[in-house]
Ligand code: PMP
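Below sits a lone chain in C-alpha cells, taken as the form predicted alone.
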C-alpha cells in the first residue's frame, strides 16, 4: 500500500528552489525513506500527527524528542497563550526566568543554578567553555561517534570544519572505562571536561546502556583529576527521571545540559550546575536576544509540572515496554530476530544480521505507509500522550510490515 503524498512533493519542489537542500540537517528526507514518508506536517494532537496531504500517523518520533506530554497539550498551550497575551521577547527577562530556574534547581538534586538558551548545541558548547574557564585547561573528552550538537568542535559532518576546531577534542569508545582511564592518566593535566550522554544513542547504531560501574567510574576519574563531568542530557532529559537522567542511572555530574522535552516543543534549552562552577558560569559570555523569551519558559513550567502531575515518566516507561514486547513477539511470528535497545521511553529496534539497516528501512517505510511514524536509523521517543490503543494498533501494523520484511530476506 502507499499513502498519498502529492502535496508533500509539491512543497518540497518549491523548497528546493529557495532553501539549500530543501530541508537540511537531521530532518532531511534523505535520512528516512524518500517516497514513503511525508516531508511536511500540518498539525498534531496528542500522540498523533497529520501531514499536509491529510494522512494521520501515530507519532513515535515526537519531533525528534521535544514532544513529551503530547502535541498541543491543553495545560502547556494555555500557559503559552497566557504569556503570549502579555508578550514574549523584551529588553530583559520576565519573572518566569527566575521561576523556571528555581524549579530546575529544585528538581535536580546536584544543581545550584541554571542558565537558559535555545538549542542543545548552545548549552553543550557553553558547558565545555565553563569547564575550561573553571579548570584553566583546554581539552575535552567525548565518546567516539557521540552527537553533542552542530558546533565546530563536535559537528558530525566535516564540511566547513578545520583541524584547529577539533585540536582539543579527544575521543574514546563508549562504555570502555579502561580506555578512558588510560587517556585521563596520560592527559589529566590538560583535560577540562568529560562530556557524555547518559546512554549511547548514536544514529545508525543500536542504543547501548552504560555497563555496571561505567558512569560511577567516570565520576571517580573526574573527582580524582579535577575534571568537570558534563552530562549531555539534551535527548533523554525528562523522559527517564524528572531530576535528570543521571538520577535514573545513579550518577550526578557537575553540569547537565537539557533541551528537547523541557518545553514540549517550544524553543528552550538549559544547563544546570554545581555551586563550584558558578563563578566560571558568570565569566563565560553567553547571550542571545531570544534566550530570555517568556513564552517557552511558560511552556517549560507547564510541561514539567504536567509530567509530574500525570506521572508521565512512569507511563512512558510502561508503554515503551509494551511496544518493545509487542514488536519482538510480532517479529518472531515471522521468524525474524530483532533487537529492541535503549530505555523503554526512548526505544529503538533493529534486525539481526542487518549491519547496514536496510531491513529497518523496509520495515519503517511499510509502517509509515500504514500510519505509524518511526525512524529507521534514529532512536524513537514515547510521549505521555501515547495510549495502550496506540501501542496495540502499532503492533498490529507491525505484523503486516514484518511480513513484508520476511519476503525481502
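Keep in mind it's a predicted model, so treat the numbers as computed, not measured. Positions refer to the first chain, counted from 1.
Same protein, other form: the form predicted in complex with the named molecule, not shown, and the subject of what follows.
None of 312-320, 147-155, 100-108, 160-168 except one has non-hydrogen atoms within 4.5 angstroms of the named molecule in the model of the complex; the exception is 147-155. None of 228, 259, 127, 303 but one reaches within 4.5 angstroms of the named molecule in the model of the complex through a heavy atom, and that residue is 259. Checked against the named molecule in the model of the complex, the residues 139, 201, 71, 142 give one hit for a heavy atom within 4.5 Å, which is 201. Contact check for residue 121: a heavy atom falls within 4.5 Å of the named molecule in the model of the complex. In the model of the complex, the named molecule sits within 4.5 Å of a heavy atom of residue 197.
Put simply, residue 234 is close to the named molecule in the model of the complex: some heavy atom of it is within 4.5 Å.
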